[in-house]
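In the block that follows, a single chain appears as structure tokens, in the form predicted on its own.
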Amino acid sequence: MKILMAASEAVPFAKTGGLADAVSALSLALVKLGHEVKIVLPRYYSIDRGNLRQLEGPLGVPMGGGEEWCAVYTTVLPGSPKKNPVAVYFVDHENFFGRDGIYGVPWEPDYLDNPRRFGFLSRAAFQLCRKLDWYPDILHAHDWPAALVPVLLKFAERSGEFSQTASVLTIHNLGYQGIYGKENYGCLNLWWDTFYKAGFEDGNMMNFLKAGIYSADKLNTVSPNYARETLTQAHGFRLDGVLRCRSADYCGILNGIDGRVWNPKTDTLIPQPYSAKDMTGKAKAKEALQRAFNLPGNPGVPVVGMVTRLTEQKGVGELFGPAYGSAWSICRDMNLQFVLLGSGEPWCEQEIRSLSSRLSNFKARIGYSEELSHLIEAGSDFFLMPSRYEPCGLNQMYSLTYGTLPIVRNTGGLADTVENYNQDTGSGTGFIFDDLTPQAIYNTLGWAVWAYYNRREHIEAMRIRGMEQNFSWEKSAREYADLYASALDLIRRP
């Protein structure tokens, strides 16, 4: 099959979260299965044109108010096979994308012209295909910034060269929907009757993701459990009714992890590689981690690690909330060391700095470091993820791969990938709690620390069991190929 990925980010070019990892890793896994894949992205200010090749001639894109013109650049996705590389195309429009930030900047978190910016990206995807004289079997749109692609295919493009093309929309996080004032609809160059037919209407606003859900031939999200959760009012972010209406065309496909980057046997960012058969390197990583965070180098004390965005979704209120979060009690009452790497809400960053200054066994770095994140995954004994909701989650899979036991809430992809510890049999791969409360986090972490000191043989067996799990993208790519085939069957059947 010929597949065009339409997305707002993809590693190594632009990234704010797991979406970028998924787009690139899935593309590489699909070409290894023999499919032809191309990616279309914006050319943000941070992407150096000097490393790209410009296509000949400009690209005209119809928009409300007149045609917009842009340049197109291209390169090959790193890691692509030579015989069937993933071509990446960058839409270069200085007014839309020549600025700092992908969706916004700290002083303007959501650019006011985002509807026009990402509407332009979706329109440009079709014009790019015409320029290349290459028409895909599947248009695969990722999250709300590309959700206009299935709308355009259904209501504007399917009568022409794209008559045999099907659309798939992947929801990476239902919490982000692209909701803007309906006065922005005119810039999309669609008839007003489409506003209602395609499901844009959201009160007095327009909702990009809702329209994409209405219009896509097939839908999926990034884990089976999250797919079930989003059909409920508790986790549906007001779109549960729409998703229930589309439930026959909706499924969950678990993300994989990139084994070229996250593999303790080959990881160059940790002191010494290791495997389930020889864990010497993990002990070396723990020693280096304690040294990096200025903690006593005690191999007998359990280290709890976190690498996270400090946002409400990640459960940071229950963990670090002033006067009620459980982090202070955890570090005061338990014989452990706690290390954190992350950034986000200013109040949370400030509280973490305060805790780090007052607690001798809690140390944190505000910001992000690829090297330090690998060291935390490898050197920690436990990895804490108290997420309010988690569509898929990658860090728990990284942790299991590195023999670090996850402590997670029973939600989304965390529930799909972690098996709860049974202290009678020693089975399981981590520790799971249900209610997101400070007490539940405290109790579950205390349970893990108790097992570390009193059931050490269980801990070691769980580590080996976790490292034997297979989280490669190959299985996920095959499931996506099946989803593509069902989408094509839907539009091509008599």
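One rule holds for the numbers: they count along the sequence shown, beginning at 1. None of these values were measured; they are calculated from a predicted model.
Below, we refer to the form predicted together with a small molecule, which is not included among the displayed structures.
Chemist: What stretch, of 241-249, 196-204, 339-347, 277-285, brings heavy atoms to within 4.5 Å of the small molecule in the predicted complex?
Modeler: Of the stretches listed, the one contacting the partner is 339-347.
Chemist: Pick from Q272, Q127, S80, S369: which residue has any heavy atom within 4.5 angstroms of the small molecule in the predicted complex?
Modeler: It is S369.
Chemist: Consider the chain as shown here, without its partner, and state which of R291, R388, K265, R309 has a heavy atom within 4.5 Å of the small molecule in the predicted complex.
Modeler: By the 4.5 Å criterion, the partner-contacting residue is R309.
Chemist: Taking heavy atoms and a 4.5 Å cut-off, does S167 contact the small molecule in the predicted complex?
Modeler: Flag for S167 set to no.
Chemist: Answer for V91 alone: is it within 4.5 Å of the small molecule in the predicted complex, judged on heavy atom distances?
Modeler: Outside the cut-off, so no.
Chemist: Is there a heavy atom of Y398 lying 4.5 Å or less from a heavy atom of the small molecule in the predicted complex?
Modeler: Yes, contact at 4.5 Å.
Chemist: Since only the chain is shown here, I'm wondering whether K314 would be in contact with the small molecule in the predicted complex (any heavy atom pair within 4.5 Å).
Modeler: Yes, K314 is a contact residue.
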